[in-house]
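Take a look at this single chain in structure tokens; it is the form predicted alone.
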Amino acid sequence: MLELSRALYLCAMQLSENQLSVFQGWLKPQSSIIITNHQNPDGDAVGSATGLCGVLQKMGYQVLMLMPNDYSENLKWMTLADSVRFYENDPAYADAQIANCDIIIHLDYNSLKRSGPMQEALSASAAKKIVIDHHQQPDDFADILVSDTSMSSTCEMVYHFLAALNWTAHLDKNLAEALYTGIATDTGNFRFSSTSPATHNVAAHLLALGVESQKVASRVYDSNTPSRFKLLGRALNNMEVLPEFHAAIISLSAKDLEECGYKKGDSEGFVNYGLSLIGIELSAFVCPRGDILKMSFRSKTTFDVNALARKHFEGGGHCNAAGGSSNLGLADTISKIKALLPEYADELKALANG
């Protein structure tokens, strides 16, 4: 197994010695630390928070994982899941913790608006703040920003961060499983172009700690419910394929969710089914969430869905994976996507035929 030097870990995630020194200077025996991530936490968000929280707790620090809202059942097998607190369940408690903590670690998001209901409290906090994230175009709100869009996942970045601090000895099998989960899910099981030699090297280190990749995959992907399968059938039946634009639009209505007995996390990954079609470069998924429509975008090669989401749907993310939202109705939102496609027709055609 290839061992990277500390300097290479620093370089790998564009982390400076000064940033590392400043962060270490924040840490005192009595320090209270909050680890947060974005609304609707996914595998990378939960995995990175769990991995870093576990290491810091082993080192004797008081650490709270505080997430905006609950996450799907297929991630709740991870260690420390029982200790996660959710802002939506007790805002008063969460606000007090945020106001009185010493350090806030923002993982897997780089804009406070992505923290949803926590945004105001996080913005007002006088705590020292560090961001570790791999999404594009970060906002300027943290004392330390560790941002690298070339990284496969925040979990990979957290591993590099721990290695640069010489803290990986505190990782055990359970914490390694959490980090491995985030890497696997954010790389599409190592299929996406963001998967690098360094990604595989980190994964190898985690496997060496006892991670059983087949068990992680089974826990994440083989936990389907009848409601999810019913919903998937409805979503695929609703799918519109637009071959002239090499695009597919998948959608679900509020009625679909109700009739299929929707549970949180049931629609996770539906957007990827569009990309499995021959000749499709762009896939969009539209689904109600509360009073708005949430949107997911995926591309197969280099079409920049981050730019699309930022420009038209108040969202963002990565080149190949992004999200957004719409206050329009479902039919009007789908019509808006269709109306935008001619603007990108030549690029989508060239990529699909390339």
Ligand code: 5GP
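One-based numbering along the sequence shown. Predicted, not measured: the structure shown is a model, and the values here were computed from it.
Below, we turn to the form predicted together with ligand 5GP, even though it does not appear here.
Checked against ligand 5GP in the model of the complex, the residues 54, 288, 323, 68 give one hit for a heavy atom within 4.5 Å, which is 323. Checking 26-34, 313-321, 60-68, 46-54 against ligand 5GP in the model of the complex, the stretch whose residues place heavy atoms within 4.5 Å of it is 313-321. For the chain shown alone, residue 300 is not a contact residue for ligand 5GP in the model of the complex, no non-hydrogen atom being within 4.5 angstroms. Taking the partner from the other structure, ligand 5GP in the model of the complex has no heavy atom within 4.5 Å of any heavy atom of residue 228.
Interface membership of residue 114, defined by any non-hydrogen atom within 4.5 Å of ligand 5GP in the model of the complex, is confirmed. Taking the partner from elsewhere, residue 135 is found to have a heavy atom lying within 4.5 Å of ligand 5GP in the model of the complex.
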